[in-house]
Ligand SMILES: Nc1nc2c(ncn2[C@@H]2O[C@H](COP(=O)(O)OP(=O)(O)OP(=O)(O)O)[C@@H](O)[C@H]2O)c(=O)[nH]1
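Take a look at this single chain, the form predicted on its own, given in structure tokens.
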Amino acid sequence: MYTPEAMISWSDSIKKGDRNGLSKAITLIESQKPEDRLVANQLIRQIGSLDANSFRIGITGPPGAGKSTLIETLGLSLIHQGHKVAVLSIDPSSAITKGSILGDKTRMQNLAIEPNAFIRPSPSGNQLGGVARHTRESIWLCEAAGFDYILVETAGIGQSEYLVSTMTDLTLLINIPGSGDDLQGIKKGILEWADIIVLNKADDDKDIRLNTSYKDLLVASQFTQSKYSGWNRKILKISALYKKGIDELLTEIENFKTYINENQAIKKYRQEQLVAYFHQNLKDKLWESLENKPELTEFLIQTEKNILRLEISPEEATDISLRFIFALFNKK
């Protein structure tokens, strides 16, 4: 266990921008070992609440949309403007081996060598929503280390990726032209969380697929309201590979940042995010504490056998399990 002096030293090193200390801290908070979680919580408390002058951008979209290419181009542009950029990239984990390729540093080679950039790939684990379970804490640590732009790249696994919008200030949705049935591929559940939509790989303005996709997005976005009242969601055509439309995207990001700061929306939304995080964290830790009870484990194993023997339905099993869990709580 770390001494109080060691925790203070570690916290101070992170606040001074020590990358090794930051990487070590993120590794610690991603650990599922109870002893590591205790140390991670101590470190988060030691760092304390920060009045961070940061801006968090969630970047989501289907696989192959060019998220990594856009992040590298966007990150380099922000660094050239004098900013420090942290990238938290979430890779989907294998349901069988629990492993993950974590190849984003190799896909962002130019950004990775920048002294004012920090790239951290993380496995999604069993967390749904396209992010890792402790991405929020990783964001806080990067802010403590002085990074004023935090880019969170989701795993790119589907409509459930709205979760990234509950931990960032701006959600950037990336689509690509001609990716199939364009209108069918536009889901309201994603669009309503997107603050800026970009059509990437828009290399040719005369491309019929590009113009069709743009019109479909324009029509679909008219039926969804922004989560920020009064914000007029924009749709931009860009090519991250050829750096086309990047200046327009940076301008739109700055316009959005100004808008939510001027009307205090960013403060309100971040407060709501903290409360939402509390509720989610409570549910996760409650279930973890229950899983550690041998009598519950034995009960669940027997219940699964009953389901397989078709003696009870999954719905009945759920009700019975809840009664058993409540009985455990009332047990003296």
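Every value quoted in this text rests on a predicted model; they were computed, and no experiment measured them. Start at 1 and count along the sequence shown; that's the residue number.
There is another form of this protein, the form predicted together with this ligand, and it is not shown here; the text below is about that form.
**Prompt:** 221, 239, 175, 165: which sits within 4.5 Å of this ligand in the model of the complex by any heavy atom?
**Reply:** Flagged contact: 239.
**Heavy atom within 4.5 Å of this ligand in the model of the complex - residue from 216, 203, 248, 114** = After the contact test, the surviving option is 203.
**Message:** Please pick out the stretch from 25-33, 303-311, 59-67, 277-285 that is in contact with this ligand in the model of the complex, where contact means heavy atoms within 4.5 Å.
**Reply:** It is the stretch 59-67.
**Request:** Decide whether residue 107 counts as a contact residue for this ligand in the model of the complex under a heavy atom distance cut-off of 4.5 Å.
**Result:** Contact check for residue 107: yes, within 4.5 Å of this ligand in the model of the complex.
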